[in-house]
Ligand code: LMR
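Shown below, as structure tokens, is a lone chain in the form predicted alone; questions about how it binds or moves come after it.
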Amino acid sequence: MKMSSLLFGLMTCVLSATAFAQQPIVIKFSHVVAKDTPKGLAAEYFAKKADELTKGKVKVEVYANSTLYKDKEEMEALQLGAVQMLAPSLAKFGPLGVKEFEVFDLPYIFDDYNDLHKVTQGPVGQQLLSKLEPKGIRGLAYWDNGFKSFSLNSPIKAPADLKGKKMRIQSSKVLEEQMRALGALPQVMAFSEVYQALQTGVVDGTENPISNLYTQKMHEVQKHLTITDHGYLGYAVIVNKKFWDGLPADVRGQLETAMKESTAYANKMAKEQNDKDLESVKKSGKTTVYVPTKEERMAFKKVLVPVHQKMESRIGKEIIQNVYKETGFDPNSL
């Protein structure tokens, strides 16, 4: 009797362990933008690819639009293991203590996507991601959102047009310095609060890739948009390091493949979505879209590029020079 009950107990344990082993590994992927933005679409694409490639062993639950955590909370939640995956904007790593990431915030440091990808898809980008490891974070990839443009309720054709304007920015010392170089007043604010702040006049304007401006309906409360393409907004897809390192090696490999495919998709979508949303902004008739001449763009560059040198002591001269080397940018040529 004792033997059979012992056997029964052992079988129950084995069956329970087997059932437990068959439970999918859940990855909570939290982000703060709408589902139909490049990041939102790429997160959903990654969830689909992860399911396919791991044959259902991994279930990625995507929480869009700050439904799980807001801008300011999500990084701490990741480090504590309350959420496994995020795709925060690169400006978020400065406050975390990895100030080198603020190189991405420098105005006009990338002329186009070609320049940008030399950095994000090359050794400089990888070197930056590795700096997150001591914080308990593993960096997996960079996802584009796009290049930022300025919006206001008055026309923007020259740097002087931003003088005295209250401009919403993410929390970033570089972006603060950028706005001050223009004579604007930087206002740090969570992304989810921007529409209302523009509507009520708490802030006068903002800088955004077009897809963010359009999907958050900011164009409805901004009469003028100038395609300055002055700064880059991108994301790093990051995971809790302990969680990632604890995954079975085969599953981790499958997820790395899913991430590689999702990154190619994300970057393609970012370009397409921004182009499409720009057309939608124009068609809405609510916002006048202005494209600066070559000379007008150069005027913005001359005012903003000196921010690079001002930020050397914060970001690190070496990392700025490494980016220049990759892209061929010469600040003295202006």
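Everything numeric in this text was worked out from a predicted model, so none of it was measured. Each residue number is its position in the shown sequence, starting from 1.
Although it is not shown, the form predicted in complex with the ligand is what the next lines describe.
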Handout entry: All of 147, 274 and 297 with a heavy atom within 4.5 Å of the ligand in the predicted complex
Key = no
Handout entry: Contact stretch among 284-292, 32-40, 266-274, 51-59 - heavy atom within 4.5 Å of the ligand in the predicted complex
Key = 32-40
Exercise for the section: Classify residue 219 as contacting or not contacting the ligand in the predicted complex by the rule of any non-hydrogen atom within 4.5 angstroms, answering yes or no. Expected result: no
Handout entry: 4.5 Å heavy atom contact, residue 178 and the ligand in the predicted complex
Key = no
Exercise for the section: Answer for residue 243 alone: is it within 4.5 Å of the ligand in the predicted complex, judged on heavy atom distances? Expected result: no
Problem - Non-hydrogen atom contact residue 258 with the ligand in the predicted complex at 4.5 angstroms - result: no
Fill in the blank from the handout: Contact with the ligand in the predicted complex, heavy atom within 4.5 Å, among 184, 239, 233, 109 goes to 233
Problem - Heavy atom within 4.5 Å of the ligand in the predicted complex - residue from 89, 84, 262, 228 - result: 89
Problem - Residues in 157-192 close to the ligand in the predicted complex, defined by a heavy atom within 4.5 Å, in order - result: 168, 170, 191
